[in-house]
Ligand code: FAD
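One chain is shown next in structure tokens, namely the form predicted alone.
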């Protein structure tokens, strides 16, 4: 099922993101974890990939397994940094043959070292290309706090509008920890004439040591309320896990109460975290 069709059928959705293995040695353990997440019956699951499709084969295998064995609609991530048209065409052909209808088109992270080539400089260019290559439902990413490389949020939203005009059918946000930031962003997006569904991406932070890395990647700001939680529970692994689950749950409940219809949980391949949050939402979603 295409994600846009799902959104038309269901008023509220809960979806999960997982990532494929980096090596063949870890394939079975990662596949098992993603299958456990699928047992929670999310509305759909997205499968990430490395820069330039560096683990594209595993990305396809995991997505196909979720579709055929997990009976869950998958979204396959597709990046274009360091990838030529031939490589992208090969991935699209693989997705099509596997029956995968949904793609999240991303530029991908620019490598920190070494030269790279990018046949599509922006995700909007990749989006347009994917739409020309088959009957795919194409989604994209957005940044409630602005893309880290963008000089201003106004310019970032202008690029976002261009991406939608080139065929992006829905948007999934980067993680955020203050719902007011999302509400402000949604108002600005609508004011700019962007009317596609926006899915709220939630990252449960259950390990204090990962916070600096997460925020460095996403550019997300941590509100004082969250920082106080980390100060209080960060040294206790069990307590921090429970606090992180509770914080993410509260975020989701507040979002739904304020009219946000679609929630996407970054599970980090941890079925127990996804299970606990879904259980907390019983009767709400």
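Note that this is a predicted model, so its numbers are computed, not measured. Positions refer to the first chain, counted from 1.
The discussion below concerns the form predicted together with flavin-adenine dinucleotide (FAD), not included here.
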flavin-adenine dinucleotide (FAD): the contacting residue among 38, 248, 60, 49 in the model of the complex [heavy atom, 4.5 Å]: 49
Sole residue of 128, 145, 162, 178 within 4.5 Å of flavin-adenine dinucleotide (FAD) in the model of the complex, by heavy atom: 162
Touches flavin-adenine dinucleotide (FAD) in the model of the complex: residue 100 (any heavy atom, 4.5 Å): no
Partner proximity in the model of the complex: residue 122 to flavin-adenine dinucleotide (FAD), non-hydrogen atom cutoff 4.5 Å: yes
Partner proximity in the model of the complex: residue 89 to flavin-adenine dinucleotide (FAD), non-hydrogen atom cutoff 4.5 Å: no
is_contact(residue 182, flavin-adenine dinucleotide (FAD)) in the model of the complex, heavy atom dist at most 4.5 Å: no
Proximity to flavin-adenine dinucleotide (FAD) in the model of the complex (heavy atom, within 4.5 Å), stretch among 154-162, 203-211, 92-100, 67-75: 154-162
Heavy atom within 4.5 Å of flavin-adenine dinucleotide (FAD) in the model of the complex - qualifying residues of 263-281: 266
